[in-house]
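Here we start with a single chain on its own, the form predicted on its own, put down as structure tokens.
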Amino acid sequence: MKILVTGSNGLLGQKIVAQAIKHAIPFFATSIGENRNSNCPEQNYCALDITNRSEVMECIKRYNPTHILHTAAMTNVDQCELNPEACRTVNILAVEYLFSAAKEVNAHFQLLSTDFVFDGEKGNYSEEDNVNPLSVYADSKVQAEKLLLMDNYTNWSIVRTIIVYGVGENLSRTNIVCWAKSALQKGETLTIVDDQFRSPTWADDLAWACLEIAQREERGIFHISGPETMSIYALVRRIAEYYNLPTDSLKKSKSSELNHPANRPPKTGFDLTKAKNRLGYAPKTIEETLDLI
């Protein structure tokens, strides 16, 4: 087994690298720009522009991986809505390039996707539920999934996940748990939606699942998330209560009041039965991870 990771400077990418090192799994890490993860040896890293077809092909043919774990993406939902062409380039065309390269070397291709492929009317989604994207970002992920689903090459997996959180080095974006903890500690006034429901996912759990799917040679779609679905407001309140921080500055709001460019599904959450049965997946609750934040 020899894995190639895209987006290795991101939170999930860093966690996959850490677990590959821990379990002595040969790996090659790629991301845009220089290596920002001090735990990733420079000899295991190469800068890669995933939107450059020839660069992608050259990198993958040179390293010749058995598995490609594609974590890189444009994930800012509102920025995707405002810049649809950039979103399409990163989230669809780059997947096409990487998947084509994977087929050239007969590698397993793993695509990270999102709960936003669903419209949020139902919640507790299983892998068999029909998708219905509400935004440019969500549609880009649906189109990327279709590249795999409609191809004759079947050596792939799709890992959908929800609100990934945890700590990493030099991250370009924060995540809601770390942001909320910091803001609450500073006593800042927080206005949080109470009509969007999600299942926050500990990044280490997600990284474990991604590697487990690869090591077990599993194929198809897997839903990987935290074990509990809650409103964003309830999540932030639980963080405050865990750290014994005051909640006076915590205010509720509705999604309609925020005027975001992109629509969000009101309620997602995953049915984790498949992941538990096939992988032995046992995700941590929020409280089980907060001492590690």
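Position 1 is the first residue in the sequence shown; the rest follow in order. Note that this is a predicted model, so its numbers are computed, not measured.
Beyond the structure shown, there is the form predicted together with a small molecule, which is absent from this document and is the topic of what follows.
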Assert contact residue (the small molecule, in the model of the complex, non-hydrogen atom within 4.5 Å, options I162, V193, A209, A102) equals I162
Have a look at S157, S135, S199, T114 for me and say which one sits with a heavy atom within 4.5 Å of the small molecule in the model of the complex. T114
Decide yes or no: are R36, L48 and T51 jointly within 4.5 Å of the small molecule in the model of the complex, with each residue judged by its heavy atoms? yes
Going by heavy atoms within 4.5 Å, which of 144-152, 73-81, 178-186, 127-135 lines up against the small molecule in the model of the complex? 73-81
Check whether S172 has any heavy atom within 4.5 Å of a heavy atom of the small molecule in the model of the complex, and answer yes or no. yes
Could you tell me if V17 has a non-hydrogen atom within 4.5 Å of the small molecule in the model of the complex? no
Closest heavy atom of L11 to the small molecule in the model of the complex, within 4.5 Å or not? yes
Closest heavy atom of I32 to the small molecule in the model of the complex, within 4.5 Å or not? yes
